[in-house]
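Each of the two blocks below gives one form of the same protein chain as structure tokens; they are labelled structure 1 and structure 2.
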Structure 1
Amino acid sequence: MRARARARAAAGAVAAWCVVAAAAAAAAAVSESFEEEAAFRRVRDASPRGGARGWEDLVTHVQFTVRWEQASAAGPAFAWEHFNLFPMQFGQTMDRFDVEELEMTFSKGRWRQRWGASPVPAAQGVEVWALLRAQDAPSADEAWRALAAALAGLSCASLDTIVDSRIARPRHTFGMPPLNTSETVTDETLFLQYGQLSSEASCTENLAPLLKLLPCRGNAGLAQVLVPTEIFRADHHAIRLHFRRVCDSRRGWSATCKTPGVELVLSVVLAHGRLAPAHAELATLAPMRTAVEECPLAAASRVFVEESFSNATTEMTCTPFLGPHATRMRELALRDLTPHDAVTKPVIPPQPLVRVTERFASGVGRTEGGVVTRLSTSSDFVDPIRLQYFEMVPAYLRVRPSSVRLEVNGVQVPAQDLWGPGAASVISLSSFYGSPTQLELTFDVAPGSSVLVSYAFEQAFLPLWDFPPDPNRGFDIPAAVASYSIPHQPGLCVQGVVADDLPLASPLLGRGTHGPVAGRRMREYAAPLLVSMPLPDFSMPYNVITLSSTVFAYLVGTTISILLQEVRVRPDPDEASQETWKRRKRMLKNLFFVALVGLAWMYENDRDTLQELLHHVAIPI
């Protein structure tokens, strides 16, 4: 008995050791992490009225990062199983449609130039683009339609309405990916699908499902700062969900990948304008002092506040040196908001290299028009940069290819340089009530330049069923996108810290506008437009239906009355015959009138049948 007990104890110890070893091996094979960060930046209102009253703007950036990596034992392919921190419903959707990278953004309000570069550049409304892996273009289109329907259910948005007439396939503008490198996709099995809904409104029902993707949801951590009433009453808000596959901590997939992984980033940016200094400081920090609790699943919870400092105590190697505008990011403890000893490197308030100064619709009337977009470049760089301008024009605006003009500093770029052999610019005309026109211009621009892009279009007369519920509001022209890569210039201080610095440990500072910028792909958006289309008299269908129904009711009613009318015979034959003749005479008159009305109706609506009917009596019509 004792021998058996010892054998069982030894077997139990061996089993326990195997379980512990398996758990340790699994822990070594799988690496998951969740980090949450928030950055607050105060911008002084430079307008005469705001400066006199001491108004300030508060820009808040909250970011949540979930990373899931697997060891080389799993092979180059990522195994979508045993979910822990990564949301299962989202991961299964990405696996089902073989999504390489995805970005979905909800935005409302205008981002003002005095706030610098937006940490989350976004178009008005909803913007979605996905990099899908498929065998061919039809398979990618089919996967996109199913993916849009799945995302619509996930985010409670009308993404399933992004059909073929609202889908574009830009080649160079997004650069793949837009936030990490300037390399473009050359894999023939990758297909980019892009769509916009300019009139889509964002509200609480869009934010709540996205917060449920986080490990602590909205119950703990910095997600408690995201109060819906504060978000949607801000002057500007942008909510972005970005997914990408990573390989050895870098973007993309490779057959030699040793550590495949996935990354999900949820970013929320708020901008409150014209606040008193006290409100600008406490508008978002005050709720954190009493309500925010640390998320136990978060590996790091960081809070950064941008502070100004004196030039005499800090050495800057940036070019240009902005002097009193230089700032630094100080990290605070989440529990008591006390400053840490470790302070990040000095930074320059982010300023974009390219700005969209204005965009407007031109033309008079509802038959022809045009769109004009003006851009300007900063003087903070030396060598010319390559700029991609992308615009998606709906099919109901028929763009004239000969009217596309590009001017740099008032000089028109020759068409040969834009569309000639070897040129990267592309224009794809729309089909009849089908896919939109895609205009993608690629050109080099020097620092301190002004750029003008314009084109003319003809407004199509749409069928009745293609009009929206409120056609008098106007028809949307989606926002235009200007994309460029930050040049590799030593000492460049735009968009964040010095361009040749190493990446910071913080995902927010490393991926956002305060991080290293050399080679990063940046985007600037122009505002969407509304154009008035030729509208028919919408009362005419009602009038036609009313008149046709009246004539048809009279015709049917008279016919039924004649067929069902009872014939009475009176005793007096003379009077009865006379009365019968009068009755028949009235019936013949009614039948003649009904036949005449019927022929008139057939002449207007079914002339072919009428011709066959009268062909036998040889009556030409």
Structure 2
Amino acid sequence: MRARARARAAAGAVAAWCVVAAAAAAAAAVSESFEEEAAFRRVRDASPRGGARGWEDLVTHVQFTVRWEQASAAGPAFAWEHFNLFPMQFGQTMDRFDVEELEMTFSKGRWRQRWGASPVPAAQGVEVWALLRAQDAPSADEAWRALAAALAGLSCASLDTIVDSRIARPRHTFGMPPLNTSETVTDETLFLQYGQLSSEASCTENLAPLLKLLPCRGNAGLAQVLVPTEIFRADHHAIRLHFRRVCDSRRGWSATCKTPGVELVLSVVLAHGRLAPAHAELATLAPMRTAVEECPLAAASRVFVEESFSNATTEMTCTPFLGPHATRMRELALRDLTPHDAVTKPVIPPQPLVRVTERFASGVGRTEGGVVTRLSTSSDFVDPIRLQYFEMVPAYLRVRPSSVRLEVNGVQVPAQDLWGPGAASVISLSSFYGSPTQLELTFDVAPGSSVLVSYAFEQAFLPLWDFPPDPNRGFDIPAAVASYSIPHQPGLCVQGVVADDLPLASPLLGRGTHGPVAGRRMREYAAPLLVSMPLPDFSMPYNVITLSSTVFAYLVGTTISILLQEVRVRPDPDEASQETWKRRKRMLKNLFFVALVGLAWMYENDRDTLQELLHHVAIPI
């Protein structure tokens, strides 16, 4: 109780300071805001076994948004000064490297398909991408390397190991479409850099520094829900830090911007699978019931819970578009967890239009193999959607160009459409040890289609010093990403049904973080894979260097000495045999002499041994 009081006092002090800061900011026409929300959704296990036992899954989404806008007369440039709510170390990093947009995601565990579309789609491990402003590609690379190192320091992850072999430059899959298309077409100073570390394990030490970026840190507000033990015990968790520039409260950057701003969103998604119903009920709000303190700096703190499993579809005025799993959500007051409002809201949690049905690595042995990925599209939409499949194959796997295969409904797409000069797909092959091979296949798919992407590769034999410390673990093939925009379809409730007075809401509630649902970019990740690489013997460098060099020296040295020396011809066979016999006699004589000397020495110094020796040959002394 005392602790609680102390927290309250601290929060009060922060609030007082905030008031002063806000007053200062108002003079410069600066608006800063911090909002947080949490949504809890229970999903019934539809499998026969789970259904019979009444198992439920609990999906939690907690999201924090810091926004900072300036009405500037000087132009669209954002002035990085007087940090109030926005975290300074992060803001200065973004300013230093001219970052337009950045996303960093930590994830572990599998997101199940029955949970619908994930609010934070993530690849296993760490994934970072950034849209950088730079003069040219090399300076963008340099900035990216420095930025990765800075982010590594910020998040305590080994991001600095995203070196060349793990950096890619996809053109379509990441980043939001620009506000004004014509601006970006001519804009050659924007570079999208992408990196993935599949083998990075996300842990408490990654989450704690990210929570510290929030105005109330982890001390008050919904951040208290994020108990590390709960998060890292979950079947799936994904932590995403998303930074972007906003313009007139919309995303993106424009030359005609009146109020440029920046936005930082921290999202955490947890999924606990297969809980007993009573347990699920408890688990839902368990961390909140103990000690949740309101964050005085938060403009809004919202908590949504699923009220029941009632099917809300019938109450809707439009046809549910993103799947049939409509439900009702109730908003709770954070302070006492009582219903905030008498009315419950019907919501439709989004379902993905594209699913990854299968992904595996094929091949026997450690020299060659292949990767097969199968996707399927749902039948919930009408017009074909444009799908982008992006995969980054590290340089240690040498993709065979002719083996890259894309099949849509069993019909192979001709190679010209993938590789040709005017093709929408972008394929760039890696050279030996450089940037990875990038496949960014763009194609249209109809509802209810199946897609197959496959390629074969040869495994490179790496120099000893290029192997990681645990080479037998296998080498990563990073996760593949399928991305698409949610189509506009008249007559369908694509806008979601949560009241529009909520400026931001979790995608769990059928709302996007970034504006309306239609046109929103969705991503679906296929799992990363592991391949066994051919390993040399790690203990042998000296042996190999000496032995191989000997054979080389033998070739060169012997031949040169033969060529430079005078040729000696063998004498007659008779003479030769006489010569040999003479030599042998001489050698025997010498040996006999040496033996005699040895015996004499032993007679003088070590008579016992001599006696023993002679005893063996039965000569008494």
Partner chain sequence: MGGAWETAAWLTVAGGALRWAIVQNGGAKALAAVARSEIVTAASSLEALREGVFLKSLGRSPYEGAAYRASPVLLDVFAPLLEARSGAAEALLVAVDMAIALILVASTMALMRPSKVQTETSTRRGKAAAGEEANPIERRLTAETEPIPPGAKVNNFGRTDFVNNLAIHEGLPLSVVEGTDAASKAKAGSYVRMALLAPQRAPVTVALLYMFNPYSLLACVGGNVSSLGTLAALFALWRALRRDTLGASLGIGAALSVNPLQYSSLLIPVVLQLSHGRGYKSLLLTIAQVVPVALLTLVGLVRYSLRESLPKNTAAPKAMLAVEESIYSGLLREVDLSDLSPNVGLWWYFFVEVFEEARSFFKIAFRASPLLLVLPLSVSFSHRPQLLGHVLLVLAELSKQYPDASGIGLMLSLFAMHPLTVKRMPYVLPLAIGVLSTSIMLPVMRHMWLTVGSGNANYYYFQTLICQFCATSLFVHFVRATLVRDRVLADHAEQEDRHRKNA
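Every residue number counts along structure 1's sequence, beginning with 1. No experiment lies behind these values; they were computed from the predicted model shown. Basically, rigid core = biggest C-alpha set you can superpose within 1.5 Å across the two forms.
Here, the chain labelled structure 1 is taken from the form predicted alone. With a cut-off of 2 Å and the rigid core superposed, residue 447 has a Cα displacement that falls short of the cut-off between structure 1 and structure 2. Relative to the superposed rigid core, the position of the CA of residue 208 differs between structure 1 and structure 2 by less than 2 Å.
For residue 83, the Cα coordinates differ by under 2 angstroms between structure 1 and structure 2 after the core has been superposed. Once the core is aligned between structure 1 and structure 2, the alpha carbon position of residue 543 differs by 6.4 Å; this is the C-alpha shift at that site.
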